[in-house]
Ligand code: AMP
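Only one chain is included here, represented as structure tokens and corresponding to the form predicted on its own.
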């Protein structure tokens, strides 16, 4: 399909226009095979090789645009979806933009958890999620909404504690705060409107498949090795693969080539056991896309 398709047959995908989710989302789209010209001044960018139009919007607004059917698909943070309380179809987490919404208090405040904040002031950029958190624990606090630099409010005497997004926690430490309760874990997600026209379901499924195939591939490695045929059972116990390894007979009698897919996080731990089981000439290769 090409951009010559009728406008009614084109999908709209909302992408964050700035912030920590923007460039990873753009990189994912390019890795998935979509071709487009990126221009930070343009909010509407058509793909050249697929009936898909990209709309670069504020990440905070994307959930509502998807819910209302203004766009068919969106990439935004799960924390923003929960804060907005939108009704969308959540297709798949995308593995980037990882962070957590964290309750934190000054190091020398004596506050050790939510219970210690009863009747006190908490600053946050996520008032709805924070309100549910304290309500579920039966702790009444006064929440004040801050749109930026939440972590400095205790230093300014504005709040007794904060609920803020953290990645490494270094910003909290720099401002004299210690992490207490983790309220939620967040990452970028691909979401779809529930108002999607029936004729667009197939296209939306294609886009979702193209994006998620890249995400799955990032977490896997392709493993190739040679081994004596009698070592196959031992090797299968080390790397069972997605279902079972592929075994190919070689021209040398009694030798086989074994191909399999393994978790990227554990592949280096498996190389020693593989050699001990009889494997040699081991190749570890990246995977571009992975479709189960």
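Everything quoted here is computed from the prediction, not taken from an experiment. Positions refer to the first chain, counted from 1.
Although not depicted, the form predicted together with the ligand is the subject of the following passage.
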| property | result |
| --- | --- |
| Non-hydrogen atom contact residue 98 with the ligand in the model of the complex at 4.5 angstroms | yes |
| Partner contact for residue 77 in the model of the complex: the ligand, 4.5 angstroms, heavy atom | yes |
| In the model of the complex, residue 20 touching the ligand (heavy atom, 4.5 Å) | yes |
| Distance check, residue 130 to the ligand in the model of the complex, heavy atom within 4.5 Å | no |
| Partner-facing stretch of 108-116, 135-143, 203-211, 79-87, counted where any non-hydrogen atom is within 4.5 angstroms of the ligand in the model of the complex | 79-87 |
| Single option in 165, 183, 104, 123 placed near the ligand in the model of the complex, where near means a heavy atom within 4.5 Å | 165 |
